[in-house]
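One chain follows as structure tokens, the form predicted alone.
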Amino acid sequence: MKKNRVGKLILVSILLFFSCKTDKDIFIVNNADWLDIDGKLISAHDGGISQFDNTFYWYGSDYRNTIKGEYGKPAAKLNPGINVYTSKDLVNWKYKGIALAYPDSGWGSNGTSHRAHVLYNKLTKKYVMWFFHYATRYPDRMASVAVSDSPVGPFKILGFRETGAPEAYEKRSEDDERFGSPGCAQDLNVFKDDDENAYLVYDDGSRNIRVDLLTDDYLFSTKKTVIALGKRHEAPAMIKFKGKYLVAGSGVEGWSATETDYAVSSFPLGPYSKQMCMSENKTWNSQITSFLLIKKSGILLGMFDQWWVPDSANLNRSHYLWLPVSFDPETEIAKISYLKEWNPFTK
């Protein structure tokens, strides 16, 4: 009986501790393993965070079975798919399962899928996931769409989507499942504006970062497009911050780290400013994956992958860097600040 009382007291103390935590107690810790609330390593790489109501949803690729960095046809069916985690505070994450599973047959079964990002469409009441799919081998990559009635899935794959980019390659592999001549898309992301219009931002196959306006249901590109960043960029991110639109991307160095370049516009479809750099030290040995505007604090958070850190033999152990981004709308100068520990809810 005494042991039971002690156990109950400990449980009550833990519950009281967490219930008393405030925004001032929340800290992101970089250069460390990130664990979920069950103590397991978070596997959500090259993804992004969506906020629906008061909950954050973190979507990302699971590399548990491709720790050497395998992708495309050689890695088909190895990994389980796109994971999703939920949190109220951006620090304590609960694993909710596989949001998008790699199918056993049909579309999406002949390669791997990456860089998943999710929007909610008020008209259709559907959660829409855009991701890109390695079909067979480089350069057979394409933008793809999946939908769900729930933010945690399961998402149903609808297939590839043409973009506003011109055809990037003349020769396609014989086992490519596409038809016609769709525009190419490689690394991609999505952005929803205040007016509910949504945009696809992507590497167009010629290493330009383009922005396409999506249809009202977010399922297709309208083909209205603009180049935001010139050649030799990938891993795009887009956000509206302090009245301006920022489009950022990494260099093209495979898994290696690069600086983070960006351009600015007063309108989502441009024209965009000249290319500038917002980072240093090769973005602290990382590659950008997404932006998140934290409404509660007004802070712009940049998400980055530290590929192969700390384990050069295990891609799935790669660390995440989440860093604050400052921006002056008058000078259009943006800067990423490196912080080992910081609070995203207090300036």
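Please read these numbers as outputs of a predicted model, since none were measured by experiment. Residue indices: 1-based, along the sequence shown.
Another form, the form predicted in complex with a small molecule, is not on view; read the next lines as being about it.
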| query | finding |
| --- | --- |
| Option from 249-257, 219-227, 150-158, 89-97 whose residues, in the model of the complex, bring a heavy atom within 4.5 Å of the small molecule | 249-257 |
| The small molecule contact at Arg115 in the model of the complex, heavy atom, 4.5 Å | yes |
| Partner contact for Glu234 in the model of the complex: the small molecule, 4.5 angstroms, heavy atom | yes |
| Any non-hydrogen atom of Trp284 within 4.5 angstroms of the small molecule in the model of the complex | no |
| Tyr71: touches the small molecule in the model of the complex, heavy atom cutoff 4.5 angstroms | yes |
| In the model of the complex, the one of Trp307, Trp34, Phe27, Phe52 near the small molecule [non-hydrogen atom within 4.5 angstroms] | Trp307 |
